Every structure is written in structure tokens, then in C-alpha cells.
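In the block that follows, a single chain appears as C-alpha cells, in the form predicted on its own.
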Amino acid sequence: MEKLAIDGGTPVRTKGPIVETDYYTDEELESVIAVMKSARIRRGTVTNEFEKTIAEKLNVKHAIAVTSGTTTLHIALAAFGIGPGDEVIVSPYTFVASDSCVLEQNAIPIFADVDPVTLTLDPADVERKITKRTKAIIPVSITGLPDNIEPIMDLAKKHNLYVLEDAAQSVGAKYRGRYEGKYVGTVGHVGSFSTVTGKILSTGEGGFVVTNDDDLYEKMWGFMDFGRKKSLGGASKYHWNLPITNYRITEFQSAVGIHQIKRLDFLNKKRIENAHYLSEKLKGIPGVTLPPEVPYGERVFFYYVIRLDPEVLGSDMLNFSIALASEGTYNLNYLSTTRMMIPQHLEPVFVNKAGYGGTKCPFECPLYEGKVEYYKGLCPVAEKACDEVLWLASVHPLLEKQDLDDIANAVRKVALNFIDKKEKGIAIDYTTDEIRAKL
């Protein structure tokens, strides 16, 4: 067996790290130059075209482009009328914006656990968490895998709840069944998308919401643009009916976004091809579970994640990551980002009930009639997933076959060496204080 690089062997990859980047062409560059030459950079006609292109592609009535995926979530909850005393059911396996957006409306995030295979909200636990104070559900289609949306929509209808689909990582994925052919993010009352660097579509920073509801569209528009009413035209700047926020995107980002949307099918096709190639190369490795497919939807791939079985491998995900890094196929700097998930209900903001202005509001607010605590064991499935699911690699379209081969060969090499060490009773501990400090 070939010795691990971290044990003094030869690394799988020696030509430098596999760099995550965005996919742009001369079309984006020329459009950005055209915006600069127009001397009209703030939100205008290019953004209007971007929104029209989004709506046409996703087959929805309305789209609004904003500054980030985080602000899409905020304007949606604001449009729902979520406020103090309300509860919103959220996912513990996601990026913090999917949950902290609830705090921006002074409402309470209630964590439901996830399905152990898909890592998306478990409808059965969602139902258990619904109370008379529940006003909305935020399902998150993590890594490009569609949510099990049908039972969630049934619960929403039964309890008169809003559904905000967080589709930041899954633009282009589709549902089957009752919502056959509909894009993920277009079934709920509002769909939220991110176009930050690294996502399937990228405008550097940015995001957009979609909806078929005229009233929600008007309200979200207002929260995007200083509380103005779009239906009143230019004079609406004198009619501030909403709290004032400014989440307007620039024409630069919209110019890039237009071409990204038009290239969506191509981008996803390449990502899916890369992911399937990795799966073919990785299949059959003991202790390594590959990304799932689901019967109720057609997935896309924002990121390629694998699940590691510590009982089979004889060590944890952190040691596995460190060994991969020595093979030249993993960047340990990702340990301090979302690439090694923390269960969201165990984030300090929730555990410590850190509210605005040094208070514990909204968690301990006179308008909130419930009681909420966040603790280890609240969502055991998500907590276990955070210990075992490794965000292995981007599958962006610019990756070459050699890049994918290196990733797969490194995983196989590390897994088989770890299993060999386990059988021989050799302890595996490559961690250092410096590495742990990144977690």
C-alpha cells in the first residue's frame, strides 16, 4: 500500500492546489465595460433585464435582484409580516444566514432536524415543531439536492404557514411528482437564491428572490428599495410605508448575472458530469458514502460532499481532512469556513441568545409567549452529520479530468490507509493546536 504523504510518502497531487473559482467569459467582461461606459452604475435598466431573464428562465411571475442571498431571506420574511412573538421553523444543517434572518425580524428560529440521507428538513420533525406561534418554514436545498417539498407544502396549507425556499445552492434543480418540472425555489411562496462567488451562478456578491404572488412582490420590492411602492412609480419615493432598507444591486452585477442565467443549463451540465465522474471513481471505497439522489427531484451539484464512517475508517473527519491536505487535494483553510459544518443551533448567537443592543431580545421578549432553548441533542441527526459529512470539493465547470482523478485517488488512498492502520491498531492523530484553532 502506498504510504500517505503525511507519513512521509509521495503526495497524489504535486502541481498545486485545486482552486475554486467562478466561470466567466468575454461576454461578462464586455457587458461590464458597457455599463461603465454608460455612466449608469446604480440599479437601472440592466437590472430590470436581469430580473426579466431570471423570471423567464425559472418560469415565475416576478424576480427581484438584491445585494446577497442573506438579504433575499430578510426581505421575504419582512414581506410575510414576520415579527416579535412569531416562530419560524429552520434547518440546523445550513449556513447561518438561513436561520439568522429570522432574528432580523425579531422572531424566534425553531430548529427541526434533518433527514439523515438528504440533510434537508425532515417533514415529520417539522410537524412536531409547529405551534400556534409558527408563521413560516424555511426548507434549505443543501448542496443542490431538492427538498422533500410536498409534505412541507401540505403542512403549510394545513397550518396556514408561509414557505420560504432557500435555494441558494440549488438553482436549476427540479422537482418531480406533484410539482413535476418546477424548479426548486418556485413552489413555496418565495424562493431565495444566492449568486455569491462559488455558487452555481456568480455575480461576485448578490442574490435574487422569485415569487408568483403580486402582493409579496410589491412588499419585497419596498424592503429592497427604501420602502418605496413600485406600483406608484417614481413618486413613490415620497410614500415611505415600510421600515427603510436598501438592498439594491448594481448594474455591474446584473450585467454579469444576465449571462450567468443564460448559461445556467451549461454550467449545471458540467457540474453534474464532474460529480458523476467523481462518484464513479469513488464507488466501493469502504467507509465512504457518496452524494444521494432522490425520487422526488432532479439534483444539481453546488458542492460534492461525502459521508465518512468513523467506525470503518478508525478516525474522524478532521484527521481525514488533514491527510487529504497532505495529498494536495484539500485546503485546510476551509476548516474555518462552511466546509466543516457546525450545527446551527449550537452557534453562539443561538446558544447564548445574543440579541440586539446587548439584550436577549427576541429570545426573551414580552411579546414572545413561548420558551426556547438551544442545546446539544436538540437535533441529533444534524449533529451527527456535522461530524461525518465532508465537503470534499467544488465541481465547477473549469475542473479538468486530472483534477477529478487527483481528488478521487487521494480519497481512496487515505481511506484505505486509515482502514489498514485501524486493523493494525495504529492510532491516527494528525491534529495540532493550530489546526484545531481553525474550527
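Residue numbers run from 1 along the displayed sequence. On a predicted model such as this, the values are computed, not experimentally measured, just so you know.
Beyond the structure shown, there is the form predicted together with a small molecule, which is absent from this document and is the topic of what follows.
Contact here is defined as any heavy atom lying within 4.5 Å of the small molecule in the predicted complex, and by that definition not a single one of 120, 144 and 307 is a contact residue. Contact check for residue 31: no non-hydrogen atom falls within 4.5 Å of the small molecule in the predicted complex. Though the partner is left out of this view, residue 168 does reach within 4.5 Å of the small molecule in the predicted complex, counting heavy atoms only. Under a 4.5 angstroms non-hydrogen atom cutoff, the small molecule in the predicted complex has residue 199 among its neighbouring residues.
By the criterion of a heavy atom within 4.5 Å, residue 95 is counted among the residues contacting the small molecule in the predicted complex.
Screening 47, 394, 53, 70 for any heavy atom within 4.5 Å of the small molecule in the predicted complex leaves a single hit, 70.
Among 75, 300, 140, 89, the residue placing a heavy atom within 4.5 Å of the small molecule in the predicted complex is 140. Stretch-level contact check against the small molecule in the predicted complex with heavy atoms at 4.5 Å: of 316-324, 248-256, 213-221, 189-197, the positive one is 189-197.
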